[in-house]
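Here you get one chain, nothing else, as structure tokens; it is the form predicted on its own.
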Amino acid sequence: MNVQEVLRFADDMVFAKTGEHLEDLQKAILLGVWKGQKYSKIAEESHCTEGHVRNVASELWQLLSDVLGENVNKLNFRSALERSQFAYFSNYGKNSLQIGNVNVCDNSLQAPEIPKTRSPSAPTSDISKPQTRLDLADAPHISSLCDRTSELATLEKSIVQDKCNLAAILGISGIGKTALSLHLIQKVQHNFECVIWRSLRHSPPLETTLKNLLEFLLNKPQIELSSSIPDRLSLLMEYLRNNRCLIIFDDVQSILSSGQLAGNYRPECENYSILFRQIGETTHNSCLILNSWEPPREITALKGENSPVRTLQLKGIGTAATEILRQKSLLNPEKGDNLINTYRGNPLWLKIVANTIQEIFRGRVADFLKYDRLFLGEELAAILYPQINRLSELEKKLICRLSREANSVSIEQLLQNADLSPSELFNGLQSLGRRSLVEIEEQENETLFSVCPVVRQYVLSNPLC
């Protein structure tokens, strides 16, 4: 093994065990020790103190000891990793976890459990037990998850107990769809033979996505496939019927159209509807999860409590968001609820505004809240831009109308002032709701509509009509 293989293998093993990648300083320590450097030299090159490097190194050796099932230290880590790589590849062969370009064995996002008291020649695991093959090369690093216990439980029940075929996790940008999906993998992956993560951010053609999936599922890189989409779909569905697979598509909104009501496809991605329908309507043993700002039109038609198609609309995290403010070392914690409500408990929005409060007000939330005008800043505005900009003209007209209202309004009030027919109004409100851009509340047996303060401020500052 060369040094790059060592770093990659160690990182993959730690990720398989903990769900987290090695930090930059941990990698620097491994690299430096490999080259025979002292901790003082590593500290100098890493621009930190020698004491800090020693502390991180001590934790790193303990982490690697837990992962590999033997004592690992500065002197033996190279030989320990080489032994582990050889043992794992020899014992597990094709029953492996694929992360990036390296295959390592995995069960429930953890390396096989190895008794700490075993002798070096003892078996490392029961090789007769099926191993989950994971392809997470396309997935981002897993991040912390603030109080999504109930959402995780709901998804786990739908996927594991109810065996739903298709599930959509929906919500506005920053609400935590991707993070929730990554943590879900840790909870449910042992129920599947294969788990695959794919991003649709760059709107890949369906034939490319199908080829990519089949290459991994069939374990045949560069496989020769028919150019026919129906043939590739047929092969995929056959595999999903005969095997239990979990597939996650992230950034699904990228294959959906701008300038139309929610759920319509871009012309070049229209045939994804065939894939989603087949997975949602036919009998098989697998599950596809879609993370999106809005549901593809098939989802809204097929979903139901007793249907194999489910949706989960993510809301803000409420008072649990105080942990985000605490991590940002903000002062005046008693004012936190006001801040959380204004930014609707959206984790990303709160992190952005918390950085602003730290940089301008030195963390004093009370000083920030003295100002009436809700602060967006370029960073938050840039996040909202693609979501607002993709609206249809009808939706833009309606969201402008709602943004001019300080309070929630009824359908009757909207019909009086918005210059829209009832059918236009219903279509617009429904589409905005599916995009998580309108808030709905019941008051005295009347349905009222509004937009949240952050969206209202964006619309008022960036006129759409």
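Everything quoted here is computed from the prediction, not taken from an experiment. Residues carry their position along the shown sequence, with the first being 1.
Separately, the form predicted together with a small molecule exists; it is not shown, and the next lines address it.
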item	value
Interface stretch in the predicted bound form with the small molecule - options 303-311, 264-272, 167-175, 227-235, non-hydrogen atom within 4.5 Å	167-175
4.5 angstroms heavy atom contact with the small molecule in the predicted bound form for Pro347	yes
Any non-hydrogen atom of Thr283 within 4.5 angstroms of the small molecule in the predicted bound form	no
Contact flag, Asn76 vs the small molecule in the predicted bound form, heavy atom cut 4.5 Å	no
Heavy atom of Asn242 within 4.5 Å of the small molecule in the predicted bound form	no
Contact residue in the predicted bound form, from Leu330, Ile352, Leu217, Ile317 (heavy atom within 4.5 Å of the small molecule)	Ile317
Selected contact from Ala137, Val160, Leu394, Leu145, since only one has a non-hydrogen atom within 4.5 angstroms of the small molecule in the predicted bound form	Leu145
